[in-house]
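Presented below, as structure tokens, is a lone chain in the form predicted alone.
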Amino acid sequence: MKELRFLSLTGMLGYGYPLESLRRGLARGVSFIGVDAGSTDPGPYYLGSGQGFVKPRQVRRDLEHALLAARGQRIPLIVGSAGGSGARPHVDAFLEILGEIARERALHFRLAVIRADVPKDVVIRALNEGRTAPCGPLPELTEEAVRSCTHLVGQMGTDPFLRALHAGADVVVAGRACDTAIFAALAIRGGFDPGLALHLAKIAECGALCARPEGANDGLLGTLRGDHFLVEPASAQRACTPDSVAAHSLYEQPDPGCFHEPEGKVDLTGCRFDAVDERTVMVTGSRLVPNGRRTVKLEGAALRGYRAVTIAGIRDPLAIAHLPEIEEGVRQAVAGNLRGVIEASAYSLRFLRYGLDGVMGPAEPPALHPPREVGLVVDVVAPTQDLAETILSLARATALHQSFPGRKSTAGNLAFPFSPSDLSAGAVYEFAVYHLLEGEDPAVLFPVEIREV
């Protein structure tokens, strides 16, 4: 193949996309449609609970149009991180929607299902053999952390997609996957430079987010050739520029000169970004440096407790100035009220002060002037929902009337926008496993199942 062109449908399946962009993309003659369907951006809850973070109605809308288009053109449809977090319940929920569409539309195709669930015993064996490492500044992995996970997945690279496509799959539905693998596998199978293929995939995985005006809910065309690749938005209302594409190459990366995938390090230090026309950018110089060892990123979520929150506004400038004293007084009063019921170390009580330092906390530069108002979120996590609600009720009532220096009124400190003021948020999960696993065969770790639909 001298050229391979594909359509990245949208930044996330379920985020929506203009049908006109799908039509325009298909008119350019694409070899496949690819789309990412998941992320860890919404945090560990969805992996831990098995729930999807995009609603089924919108998943169906996005999937149905893409599936009909792919089958009409007789090209593959490739979906990664199906269902949001890519564990078994997420993939099963996605397959149920896919099956409904196929039955109602009388479609016939070969389906490849690639599971990403990693057995805990496999991880524990690797841990004992010294083949695990933290993914970033995290604690070393423990057996207790592994066993605490409700769901544990590995982030697959291109290898399982290559096997699925080699088996003649018309539709590929994969569990948790590297975003790049969705778009780079067919290119690598076709003999294109893997550095260019992975870099193009890195840019394409967010749809038209690399275009102007930005939008993750629109499509992008990627064209791969021998020594370069091209990116252009599917929509006529958007344009790619050298700076917009170069900026997106840095997306979510700590090092501007490279990014890492299971296949190795993609070196960007020699890249050039050049405008071909007012909407299209050509990229050259991307280079893959194989790392010599096979690693897989693991993601596992464990139940931490149950959450209850309340949201309140503070307008009194003296109360705002003395928030640390108010909060400390509340903590002491709540702990005293709960003595003999639950130890303070067994629950968390947080105060998030939006408008003051709610985002960055102590790292926020000191304000030159106190804000006129502060939004206060009181957040409690405890071993049971009942305990979380009890602790929150105590904290809210105490904060409402907590004394502080200079206070003149006996009225409340807080204004509540909702009644009831206390909101039960349910189960809380945390990432217990966010580590690298080395030395496992991806053919064993990520089996490919072929079905005739």
Partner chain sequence: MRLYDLARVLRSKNAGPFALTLDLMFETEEDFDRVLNANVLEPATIGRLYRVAPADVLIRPFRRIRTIKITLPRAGASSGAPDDRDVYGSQQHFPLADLEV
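None of the values given here were measured: they were computed from a predicted structure. Positions refer to the first chain, counted from 1.
There is another form of this protein, the form predicted together with the partner chain, and it is not shown here; the text below is about that form.
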Candidate spot G50, D92 and V309, all three touching the partner chain in the predicted complex (heavy atom, 4.5 Å):
no
Indicate whether V428 is a 4.5 Å heavy atom neighbour of the partner chain in the predicted complex.
yes
State yes or no: in the predicted complex, is some non-hydrogen atom of A363 no more than 4.5 angstroms from a non-hydrogen atom of the partner chain?
yes
Does D41 reach the partner chain in the predicted complex if we count a contact as any heavy atom within 4.5 Å?
yes
At 4.5 Å between heavy atoms, is P254 in contact with the partner chain in the predicted complex?
yes
For the interface check, one of 145 to 153, 115 to 123, 342 to 350, 71 to 79 should have non-hydrogen atoms within 4.5 Å of the partner chain in the predicted complex; which one?
342 to 350
Which residue, D379, E325, D170, D267, is the contact with the partner chain in the predicted complex, using a 4.5 Å heavy atom cutoff?
D379
Work out which of P371, G358, G313, P383 lies within 4.5 Å of the partner chain in the predicted complex, going by heavy atoms.
G358
Residue by residue through 231 to 248, which ones have a non-hydrogen atom no more than 4.5 angstroms from the partner chain in the predicted complex?
P242, D243, A246, A247
